[in-house]
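One chain is shown next in structure tokens, namely the form predicted on its own.
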Amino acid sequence: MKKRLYLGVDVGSVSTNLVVINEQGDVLEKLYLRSEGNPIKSVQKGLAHLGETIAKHTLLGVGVTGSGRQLIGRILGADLVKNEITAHGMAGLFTDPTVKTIIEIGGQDSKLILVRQGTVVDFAMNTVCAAGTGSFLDQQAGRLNISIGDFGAIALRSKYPVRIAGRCSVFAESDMIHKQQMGYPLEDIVAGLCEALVRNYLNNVGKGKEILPTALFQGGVAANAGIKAAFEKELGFAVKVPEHFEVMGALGAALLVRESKMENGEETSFRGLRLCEAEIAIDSFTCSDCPNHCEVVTVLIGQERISGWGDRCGKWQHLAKEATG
């Protein structure tokens, strides 16, 4: 019997995540892929991996979120394109309807989402300082010559975490090196780095925000038990890590498109699994049709120009609507 499915895609600077859900919202398949500077290839790789499941059943809709949502949304022929706050909020509420705070830390940015009575009421983002993100931990793990996968377990062994300056990634690294040279144990330094990241997050992203339980910890960094413990120490209450913490943005996109399709019943505009093998290129040119001389960016699938943006008049954006029907 064919299942009715929905696909959610979250395109970030570090990872590209895909989630397939059924009509009840159950996660049937999920993928967490490194973007490696080429989100288009990552999405193609993800579609190829999920192709067998999608081909067997009926795909009713595709939702896209993340920093690369506009580009990937147009390439896929997405039915819904939403920002990360909406997607993470939707996934958090679906996972735990009692949630009041969503902490999301990814590779290059971090977010705080406040939920009250089932509605997102406030949020904050940090896209400037790396000291509050996963890339900061990756860099320091490399400097300490340990696997990022072991980072949390090492931190939990610490009894006396070293206080490390965490307001800036440069200062934090200098302070960490100084503590190494003074002979502090590795586990105390690692725990200190976890606490520094949490302080940075709370002092910047969480500044002036009322952080209440139930709190969910989402994003790839939620895999780090040391960071979770540091949050619980600073906040004074338990922080929950959802089952699908690493792909909550993609889950939220899938849930949002499911909700949209159930309301309007329109057919999906998804371009299909042919995208797995298609030659996809980004092209740019200066449109000389009027004195504005807009710099237009377009997407080509094979020889077909399917989307464009950057124009003031909407001519090339109109092309995207025609291409997706």
Partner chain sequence: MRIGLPRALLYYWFGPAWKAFLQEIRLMPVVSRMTTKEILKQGVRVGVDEACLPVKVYLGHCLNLMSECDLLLVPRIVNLRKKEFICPKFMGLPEMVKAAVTNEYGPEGKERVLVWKSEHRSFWDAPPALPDYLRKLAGPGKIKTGLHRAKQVFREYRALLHQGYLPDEAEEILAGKNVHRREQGAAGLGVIGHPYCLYDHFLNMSLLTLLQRREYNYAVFTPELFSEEELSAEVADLAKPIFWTLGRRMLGAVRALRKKHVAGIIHLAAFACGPEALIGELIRRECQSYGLPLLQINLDEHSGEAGLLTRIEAFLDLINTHAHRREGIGCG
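In this text, all values refer to a predicted model and were calculated from it rather than measured experimentally. Numbering follows the first chain given and starts at 1.
In what follows, reference is made to the form predicted together with its partner chain, a form of this protein that is not presented.
K.L.:
Since the partner isn't included here, can you check whether its partner chain sits close to all of Ser13, Gly142 and Gly152 in the model of the complex (heavy atom within 4.5 Å for each)?
P.N.:
Zero of three within 4.5 Å in the model of the complex.
K.L.:
Heavy atoms within 4.5 Å of its partner chain in the model of the complex: which of the stretches 288-296, 36-44, 264-272, 22-30 has them?
P.N.:
Stretch 288-296 is the one.
K.L.:
I'd like to know if Val121 sits close to its partner chain in the model of the complex, meaning any non-hydrogen atom pair within 4.5 angstroms.
P.N.:
It does: once its partner chain is placed as it appears in the model of the complex, Val121 has a heavy atom within 4.5 Å of it.
K.L.:
Spell out, yes or no, whether the shortest heavy atom distance between Thr86 and its partner chain in the model of the complex is within 4.5 Å.
P.N.:
Answer yes; at least one heavy atom of Thr86 falls within 4.5 Å of its partner chain in the model of the complex.
K.L.:
At 4.5 Å between heavy atoms, is Asn126 in contact with its partner chain in the model of the complex?
P.N.:
Asn126: yes, in contact with its partner chain in the model of the complex.
K.L.:
Is there any non-hydrogen atom of Lys82 lying within 4.5 Å of its partner chain in the model of the complex?
P.N.:
Yes, Lys82 is a contact residue.
K.L.:
Answer with one of Leu93, Ile148, Ala165, Val241: the residue that has a non-hydrogen atom within 4.5 Å of its partner chain in the model of the complex.
P.N.:
Exactly one listed residue reaches within 4.5 Å, namely Leu93.
K.L.:
For the stretch 50-82, return the residues whose heavy atoms include at least one within 4.5 Å of its partner chain in the model of the complex, in the order they occur.
P.N.:
Contacting residues: Arg69, Gln70, Lys82.
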